[in-house]
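So this first bit is one chain, no partners, the form predicted on its own, shown in structure tokens.
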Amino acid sequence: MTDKAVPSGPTRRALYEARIRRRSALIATLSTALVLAAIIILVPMAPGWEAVKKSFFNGPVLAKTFPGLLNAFLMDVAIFAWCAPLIAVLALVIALCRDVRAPALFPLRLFGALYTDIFRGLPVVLVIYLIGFGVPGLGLPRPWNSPYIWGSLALILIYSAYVAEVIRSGIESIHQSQRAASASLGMSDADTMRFVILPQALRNVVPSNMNLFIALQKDVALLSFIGPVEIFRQAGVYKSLMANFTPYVGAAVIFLALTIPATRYADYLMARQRRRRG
């Protein structure tokens, strides 16, 4: 008997799928080019385009203010850098509080539920105003009356509630059988959570939390309402000095240069997670 020859090269289905992908990419490229061409051609034809161009897209003003905007953006990065780890720690604590199952620890579960309900139900800017103006109004000495401290605390409280809910959803996504298997091995509830549930849950929620931390980077600009001179406030200063809105456009470009790559990376993580589950 002779063995059947194994076909070499791509299958007919693989060739068909590759052809479909090439056609889809071509259509997407053409439609995008048409839209961009329409914008480039039609927008300058608007009657007020020259005034808008002078007020929002002024090259000399952008060149003059951009270095100062970059320096101010370092404050945004610094606030994000000290808020992010504190948010992660507090959110994990809140999520664990919401997951406790012992009747004696029900107050912790109630605290976690109330915390997430309250801080997810309040607008970010409102919490920033209440804490940023309310706490320094107590007459605390320096540096404890700093808007940087209390504005950061407001962001930490708000975002911890959202991140905690994401972590809790990750914990609940782990099948109950894994808890039962751990118990059958003699592991305590604490060890089960530490060594079995949390490693899987935290890995599963990384993409979702990436999106929240991208939103945090943008919401740092809201602290300008209570005093810190970060990029949004610095752009406002330049706008007042030069009677021109181009600094705001420069600030938008700086934010996009950071958030777009981070968003694409979060999308990549989510796609990879779907492939693993698929």
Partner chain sequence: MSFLSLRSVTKSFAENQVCKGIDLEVEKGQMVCLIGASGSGKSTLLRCINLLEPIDEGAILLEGTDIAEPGLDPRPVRERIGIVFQSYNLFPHMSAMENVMLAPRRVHRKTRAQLKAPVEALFARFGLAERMHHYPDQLSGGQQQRVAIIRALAMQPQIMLFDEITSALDPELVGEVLDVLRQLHAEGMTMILATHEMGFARELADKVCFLDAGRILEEGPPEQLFAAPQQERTRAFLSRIL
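Nothing here was measured: the structure is a model prediction, and the numbers come from that model. Numbering follows the first chain given and starts at 1.
Just so it is clear, the following notes concern the form predicted together with its partner chain, a form of the same protein that is not shown.
- Remark: V196 counts among the residues lining its partner chain in the predicted complex, judged by a heavy atom distance of 4.5 Å or less.
- In the predicted complex, no heavy atom of L138 sits within 4.5 Å of its partner chain.
- Proximity of E172 to its partner chain in the predicted complex falls outside the 4.5 Å heavy atom cutoff.
- For P107, no non-hydrogen atom is located within 4.5 Å of its partner chain in the predicted complex, even though that partner is not displayed.
- Shown here without its partner, the chain carries S177, A181 and M187, all of which come within 4.5 Å of its partner chain in the predicted complex through at least one heavy atom.
- In plain terms, the part of the chain that comes close to its partner chain in the predicted complex, with a heavy atom within 4.5 Å, is 197-205 out of 96-104, 122-130, 197-205, 144-152.
- For the stretch 125-154, the set of residues having any non-hydrogen atom within 4.5 angstroms of its partner chain in the predicted complex is empty.
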